[in-house]
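So this first bit is one chain, no partners, the form predicted alone, shown in structure tokens.
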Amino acid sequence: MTRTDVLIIGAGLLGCFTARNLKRYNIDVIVLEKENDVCRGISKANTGIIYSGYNNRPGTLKQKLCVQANGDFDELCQELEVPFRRPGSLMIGYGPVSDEIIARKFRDGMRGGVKGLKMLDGKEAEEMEPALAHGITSALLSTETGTIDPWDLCIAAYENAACNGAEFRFGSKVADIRREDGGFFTESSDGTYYSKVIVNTAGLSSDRIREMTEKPLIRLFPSAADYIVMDRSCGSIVDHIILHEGEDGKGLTLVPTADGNLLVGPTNREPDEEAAYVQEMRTDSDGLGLLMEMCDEFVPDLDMTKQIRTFGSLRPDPYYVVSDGDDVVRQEKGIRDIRIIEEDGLFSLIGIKTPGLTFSNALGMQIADRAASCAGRTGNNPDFDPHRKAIIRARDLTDEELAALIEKDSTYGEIVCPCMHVTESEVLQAAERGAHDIESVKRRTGAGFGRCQGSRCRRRIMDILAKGDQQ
């Protein structure tokens, strides 16, 4: 049996940032993750938008955290060496229904202290984004909206937490939890753990994890979404993140990503029943068709033949439930704000979705403070270091900088992924940091994200990983 002060279940964004912030204290932390790497659940598939807060209701914890986190994001990304851009966002409407929604969001943002908001008329918006279809009736500019790769951020939080002493156990699926001896005994696929506190950040499984010790209160009823990733040649068709507020409730989002691609989506639909808790969510042909139709209508110059991949995701929509005999009945209205359920040492975060990416560190800090206090370990860790060194990417260097680096490390001169200009050194460094399969290397280096989607580099990466395993 393994003992620890705090046991975290789930190594997505919130789990990794909670672990990182817990290590600011003199406290033992273990993170259990059923997958073989971090960010393999709901954290990985989203628009990558860092919101400014105007989309959330004034006075809610969700808006307060969003505004706080947005203001702190540059400093956070500097500490963790994660690429981050602030292109700003433009919410556009094409009619009276959209105009009213946009005006309300502006008022909500101003009441909540959101910075960088400005209402525009249609002409001003079309001058800013000439690729959009004519006829815009109003727009809301948010200069503070940003974009980031969720994988980059989660991996950085994980690496920093681990370097500060948090232990991560992958392939560890929780089977049972019981309260005993003033704490918790957690049975997992790799053994038994005893902890004073449990932080439940298990994503789509968080409701079931909580109900291992508690009566039903909140359950997840996931919805599904589809996305299209366009080639980097399309990345400059818009300068801002475009948030289209449709007259019929269906809107289009365009994100010029941190890596230079253009992300299109998402849709909003019911998932297949058998796929409700599958991490690798498949796309829906009707959903992808809807995205292409909206692009043809609202961004007519976007060449949809330049798609390089599509992906699906699940949103963890939370609802209160009540017990009715042996059944559990879902209440009519969903939960729009954040619920931190604290029950005698068990902290459950159920249904953390958009803008969860934005405030993952801010919320993780709140949970860490409360969990450390509950565990009776509030002494500061004098050795905590918030900084993490990223892998140096050859594609970000000048020719002179790359030549100097090759002098020190010849493997920086060996190109593995021609599309994304990823070198052998970057693959080797990713392996040293825990990447053990194609997907893990892809997310840490970008290899395989280019036009050919890994057809030219997959075998080479497999050979490099196999060679490392033999050494």
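Residue numbers run from 1 along the displayed sequence. Here the structure is a predicted model, which is why all the values come from computation and not from measurement.
The same protein also exists as the form predicted together with a small molecule; that form is not shown, yet it is the one meant from here on.
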Close approach of Ser142 to the small molecule in the predicted complex, 4.5 Å, heavy atom: no
Would Thr201 show up as a contact with the small molecule in the predicted complex if we use heavy atoms at 4.5 Å? yes
Is there a heavy atom of Tyr54 no more than 4.5 Å from a heavy atom of the small molecule in the predicted complex? no
In the predicted complex, does Asn46 come within 4.5 Å of the small molecule, counting heavy atoms only? yes
In the predicted complex, which of the stretches 388-396, 309-317, 374-382, 214-222 has residues with heavy atoms within 4.5 Å of the small molecule? 309-317
Tell me, out of Leu90, Val174, Val114, Leu80, which residue has a non-hydrogen atom within 4.5 angstroms of the small molecule in the predicted complex. Val174
Give me the residue from Ser348, Asn160, Ser98, Thr358 that has a heavy atom within 4.5 Å of the small molecule in the predicted complex. Thr358
